[in-house]
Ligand SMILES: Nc1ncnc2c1ncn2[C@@H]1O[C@H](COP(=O)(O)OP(=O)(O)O)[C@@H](O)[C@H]1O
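As structure tokens, one chain now follows by itself in the form predicted on its own.
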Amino acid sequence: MTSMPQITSLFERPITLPDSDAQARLARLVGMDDKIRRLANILSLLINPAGLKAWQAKHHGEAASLLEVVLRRPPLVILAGDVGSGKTELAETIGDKVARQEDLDITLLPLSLSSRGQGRVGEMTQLVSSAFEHAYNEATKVKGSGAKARGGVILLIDEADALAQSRESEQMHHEDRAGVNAFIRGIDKLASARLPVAVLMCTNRLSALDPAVRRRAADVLVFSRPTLEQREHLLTLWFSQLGFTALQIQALAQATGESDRTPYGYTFSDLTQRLLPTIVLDAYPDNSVTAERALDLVRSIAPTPPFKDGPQAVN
């Protein structure tokens, strides 16, 4: 008989938002203003629909039935896109903006990668069910007696295709199918209870997700590599402090894009986690950072190859 998993083994460290560290991390996501605003609004409606109801009463008093359709969407949002595109960082920090915007505390529950299980019969189903049950119970505590919630819960599932891959695959094990079924039941239970809770799923392979999971998403945000304009904006934030001219920064932005060497440019994480530290550490401790040397280093660093995915069924 499979024993119930401990909550400490299901999740990475739960975080109560707002949180100053999450706020600072979110502010560093340059070039994602539209996605940040869109995701924050979606989560605000899912967690605390009182704001939308107040808006409807003020601007469209006769549109109650329309509002009901909007609020009936399942509490699931999918963030999909290439590796290093910033989707996980956004998922981990967006709750801070929502907490501040709605003036309530939000508990972030990041599902632990180790909770995927060891492949024992029934284990995956039990893990998925336990994660949703815990999120359900936590959200029930802060639902509130009136229209406004007293708090909220975000269940974060990174690498979601490992838990909710399509059941249409002939190679799929029956235990994995059962796990996907448990996942769908969990989403449906949260939706029917209309609790202050949302589920964020991050995946590099949108087409690998089960169609029934994709259909339940209130929204799908697709992430791509930074454009030339976004790269130039990010590099300006850094290198203008070092005295680089606009032309020098433009040259760096061009060099981090597509080239004869690679048909793809740098990811956000290539820029923040590889390029900038490399340039700084190359000059440390005896030299200053120069535009010429920075450009040489850019040309020596190959961008991360794209994650290969099949045709995406959701736009």
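Values in this document were obtained by computation on a predicted structure and should not be read as measured data. The first residue of the sequence shown is number 1, and the count goes up from there.
One more form of this protein, predicted together with this ligand, exists but is not displayed; see below.
- In the predicted bound form, at least one heavy atom of Q273 sits within 4.5 Å of this ligand.
- Among heavy atoms of T236, none comes within 4.5 Å of this ligand in the predicted bound form.
- This ligand is not drawn, but in the predicted bound form it has no heavy atom within 4.5 Å of G151.
- Contact between S269 and this ligand in the predicted bound form is found at the 4.5 Å heavy atom cutoff.
- Between the options A283, L52, L29, I42, the residue in contact with this ligand in the predicted bound form by a heavy atom within 4.5 angstroms is L29.
- None of V83, L104, A208, I184 but one reaches within 4.5 angstroms of this ligand in the predicted bound form through a heavy atom, and that residue is V83.
- Only one of 192-200, 83-91, 136-144, 69-77 places residue heavy atoms within 4.5 angstroms of this ligand in the predicted bound form, namely 83-91.
- Taking this ligand as positioned in the predicted bound form, none of the residues of 38-62 brings a heavy atom within 4.5 Å of it.
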